[in-house]
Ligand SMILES: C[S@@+](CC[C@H](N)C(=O)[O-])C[C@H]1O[C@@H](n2cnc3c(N)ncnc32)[C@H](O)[C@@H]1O
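Shown below, as structure tokens, is a lone chain in the form predicted alone; questions about how it binds or moves come after it.
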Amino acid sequence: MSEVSMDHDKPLSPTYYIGLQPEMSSIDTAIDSEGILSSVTDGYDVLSVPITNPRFRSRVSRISQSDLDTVMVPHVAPPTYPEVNFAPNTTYAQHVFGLCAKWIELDSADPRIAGVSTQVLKHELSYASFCGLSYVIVPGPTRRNNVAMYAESLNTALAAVPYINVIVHLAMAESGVEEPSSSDSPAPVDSMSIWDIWNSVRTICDYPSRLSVGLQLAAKLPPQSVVSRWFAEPITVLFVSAKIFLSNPKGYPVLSKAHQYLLFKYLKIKPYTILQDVREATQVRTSSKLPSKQDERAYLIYMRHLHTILPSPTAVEKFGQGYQDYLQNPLQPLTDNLESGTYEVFEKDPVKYAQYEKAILKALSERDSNPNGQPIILAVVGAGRGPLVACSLRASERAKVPIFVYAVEKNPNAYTYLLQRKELQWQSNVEVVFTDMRTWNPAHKVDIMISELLGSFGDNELSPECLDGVQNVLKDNGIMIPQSYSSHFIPAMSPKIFSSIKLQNKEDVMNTPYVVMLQAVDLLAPEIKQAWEFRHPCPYVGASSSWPTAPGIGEAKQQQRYDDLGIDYSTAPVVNNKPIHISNEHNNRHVKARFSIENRGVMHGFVGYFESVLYGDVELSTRPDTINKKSKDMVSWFPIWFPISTPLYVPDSAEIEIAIWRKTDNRKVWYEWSVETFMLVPGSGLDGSDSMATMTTLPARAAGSRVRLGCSRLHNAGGRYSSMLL
């Protein structure tokens, strides 16, 4: 069963907006509506305009320099008419981004300067809001060691002006080395330092939805890790200076291939692109002090050209367009009867059904014929509207192997549709059965059993429980498709997803896994790890209630069997030191995995994927590193997102440990999860062992050990907030 439920009747066409930031010298005086609208008619969508002009700065400067002997912060009155650059006008307000004064210092160590700067910021935001502007651009922090002061001032201004979206203008990374600590020892550049400052600002401000980033593209691009990190952030504007353009052989401005690829990536999140320094760069390029407007428009024309040559979206991106980072509850087809439209959406995935048909064909080709030439009996359990029945019949024709198919479905509406398809298409070689597969008792046992009960995490739609309940109708040498499926996960950062969950302010939301078409996400670890696996037929489900064990097997060996399957041995029912199958306990799972983190980041949750062996070498995968090899362009499943209630910061060269449990009380199944973070302290050569003996013979924070930085709470304990009903 696929996890996607959406309407694709109307494809969404992406729209890209380009703006202009004129040079300061051209906007020292007030701009009228005709000046702004002329820029729009020249082909730009928006114009970024300073809210106030040098007259206001001069007045503020005079006030700041008066009464220098007092520690009191002087009062700054709001700007008056000659000191502002535009007036309220509903015609052009939507085309204007306000620029706050670049000379304010919200993070100044001087309380007078910081206090005056905060007043200026409030006045400018207030005036921009009065004029109907939606966005205002604020200069970013200028000091690393006073970020809290900057964030507090910004947060105060946001609270005072509730209808403005604030964009913090930031560089992608440091542009050069810091001042050397000695004449021959330059300080290294920290490629993540600017992101680190931004993360502190938005964290102190508590992730406000009206706070975002205006990212300045650098002439020399930072490492890919920095590019990926910013992609996960809420970027509203990309600032592109015309000075970073190159000239092609005909003298026209172009961007380097590296800058083009970066723009192609970032344009997926559809920020505004604002061109800067256009007149100055044009003068240099054309060797003219008064370049023509056509010369200046060459940069705009080129940017529009880039929009026409954007790489085509992948099949998954095209399928999920408009649903990126949108939280959806996983389907519960066992308890809910799905609508026809939901079935129809995931039936549109040709890759999944091609793989299923390939697996069925392979199974039929390798299956020995039944005695007396009887057809091979197939059962499609959870048949829905019948796509796997159709796959089975096509595979039968290709293999030239006669089959008889049971189509088992509990949804009464889907059952009615299956009867119609039998009458019109399938006829006598298909029997439609209306029942819950777990209570089905056919006259003949089944050779091959086929299901599509997989969820985004593999087992999260209760495939193990459903197939355990129907396994008794399978022949002893019968085949089940899929043969196995495994769950996989990796820690991730997504401020957008965290903010959307936080805004709902509900306890259950923080304790519920969600299906998400991920876009603005940065995977924090280099490797995705497997959580556990389920195999079918299940070796521990049979006619008797005894859990199969080899004669004389010891408890240690039996525990190893559990460990190999990822089963929590401590919760299994035991009689005479041997587990027995009397409930759903054998489908419990537990895993704790350790992830190495190279670059600092913030963990907001972890992403879940699955892989499945349908039959033999025919597989499905949703993992981004294996999907192209195993099931390229498959779109039926989006990843699953496990949130954590409090973001966890991890430094460079750290470790994250994630523990996940799959639990049951025989009425429902649920997941629980928790996270721990560690800092690695080098020096002593320790191996990071968790041995208590090691811990008692060494200092608590000895060099070479792992220092615990923090941990999350146990999420969804007891299935209190989210579960899957049996």
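Counting begins at 1, following the sequence as shown. Computed from a predicted model, the values in this text were never measured in an experiment.
Another form exists, predicted in complex with the ligand; not displayed. Remarks below refer to it.
Q: Which one of 124, 459, 107, 409 is close to the ligand in the predicted bound form, taking close to mean a heavy atom within 4.5 Å?
A: By the 4.5 Å heavy-atom cutoff, the listed residue in contact is 409.
Q: Quick one: of 426, 92, 272, 346, which gets a non-hydrogen atom within 4.5 angstroms of the ligand in the predicted bound form?
A: Exactly one residue meets the criterion: 346.
Q: Does residue 141 reach the ligand in the predicted bound form, with heavy atoms at most 4.5 Å apart?
A: Flag for residue 141 set to no.
Q: Using heavy atoms and a 4.5 Å limit, would one call residue 230 a contact residue for the ligand in the predicted bound form?
A: Outside the cut-off, so no.
Q: Is residue 370 part of the interface with the ligand in the predicted bound form - any heavy atom within 4.5 Å?
A: Residue-level check for residue 370: no, no contact with the ligand.
Q: With heavy atoms only and a cut-off of 4.5 Å, decide whether residue 482 touches the ligand in the predicted bound form.
A: Result no; residue 482 lies far from the ligand in the predicted bound form.
Q: Which one, 649-657, 114-122, 586-594, 332-340, holds residues whose non-hydrogen atoms are within 4.5 Å of the ligand in the predicted bound form?
A: Result for this chain: 332-340.
Q: Scan 411-440 and note down the residues that get a heavy atom within 4.5 Å of the ligand in the predicted bound form; none is a fine answer too.
A: Going through 411-440 in order - heavy atoms within 4.5 Å of the ligand in the predicted bound form - the hits are 411, 435, 436, 437, 438.
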